[in-house]
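A single chain, nothing else alongside it, follows as structure tokens in the form predicted on its own.
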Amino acid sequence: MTTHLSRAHSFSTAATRYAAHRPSYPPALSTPLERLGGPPPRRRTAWVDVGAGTGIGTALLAERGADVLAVEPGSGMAREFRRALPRVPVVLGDGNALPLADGSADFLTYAQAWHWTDPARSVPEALRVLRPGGALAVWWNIQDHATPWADAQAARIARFLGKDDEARHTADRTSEQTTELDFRRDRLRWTRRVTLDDHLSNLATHSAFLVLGEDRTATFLNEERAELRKVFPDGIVEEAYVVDLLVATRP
């Protein structure tokens, strides 16, 4: 059995593919983020993006003019981040032991990354690093299983892997486990159209497949390609996502 830690560190082995195929986030995400402190051009604030990966989430903050520092535990992901966002500083570290001074951040963000932390450690670290009135924002892109084909795919993945997808109920677990903070929640629905190859390549960058091995992953992807051809004969997949956003303010 693979461990949570091995899955967490598996992304650095596929950083280039992750950057190429993982979805970004919808423009509508800017609205709840702006409620945290106003558009950065009017108010210079210290944003820290933790578990920044290849910079997909960080780019949204940087494009809005925020002063962002990225924190990323994986050296491979950090190298890809530097190629994508050479002007944004990135340091090695993780949310369980942030390499930051007390009270040094106005906002901490975790895009697709909070579930890789230990809340017993990462929550105290967030409270230590945030200034009074600062905010912690965590969010995930979750494939919308209300879409029939996506629900069927999720069932096939669960059967193949012998377990449920780890990210599916992450936001619910965060709200239940993180009692030190009072989270408010937004859900944003959006879609993107990609080729069948891109869709399958995205699946292959998920940690459950990265630790599975190339041969077994290829077996699943070949079978899945045949299933999806029945639904998308033109080879274009319309992916539907829900961005689950949780925001809490430090007292």
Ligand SMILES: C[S@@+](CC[C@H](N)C(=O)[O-])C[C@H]1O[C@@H](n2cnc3c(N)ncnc32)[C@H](O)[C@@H]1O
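Everything quoted here is computed from the prediction, not taken from an experiment. Counting begins at 1, following the sequence as shown.
What comes next is about the form predicted in complex with the named molecule, which does not appear here.
Trainee: Is residue 56 part of the interface with the named molecule in the predicted bound form - any heavy atom within 4.5 Å?
Mentor: Output for residue 56 is yes: heavy atoms within 4.5 Å of the named molecule.
Trainee: Does the named molecule get within 4.5 angstroms of any non-hydrogen atom of residue 241 in the predicted bound form?
Mentor: Residue 241: no, not in contact with the named molecule in the predicted bound form.
Trainee: Tell me, yes or no, whether residue 119 is in contact with the named molecule in the predicted bound form, where a contact means a heavy atom of each within 4.5 Å.
Mentor: Flag for residue 119 set to no.
Trainee: Is residue 126 close enough to touch the named molecule in the predicted bound form, meaning at least one heavy atom pair within 4.5 Å?
Mentor: Result no; residue 126 lies far from the named molecule in the predicted bound form.
Trainee: Could you tell me which stretch in 27 to 35, 46 to 54, 213 to 221, 195 to 203 has residues with non-hydrogen atoms within 4.5 Å of the named molecule in the predicted bound form?
Mentor: Stretch 46 to 54 is the one.
Trainee: Does every residue of 108, 183 and 245 put a non-hydrogen atom within 4.5 angstroms of the named molecule in the predicted bound form?
Mentor: Negative, none of the three is within 4.5 Å.
Trainee: Which of the residues spanning 221 to 238 lie within 4.5 Å of the named molecule in the predicted bound form, based on heavy atoms?
Mentor: Read in sequence order, no residue approaches the named molecule (within 4.5 Å, in the predicted bound form).
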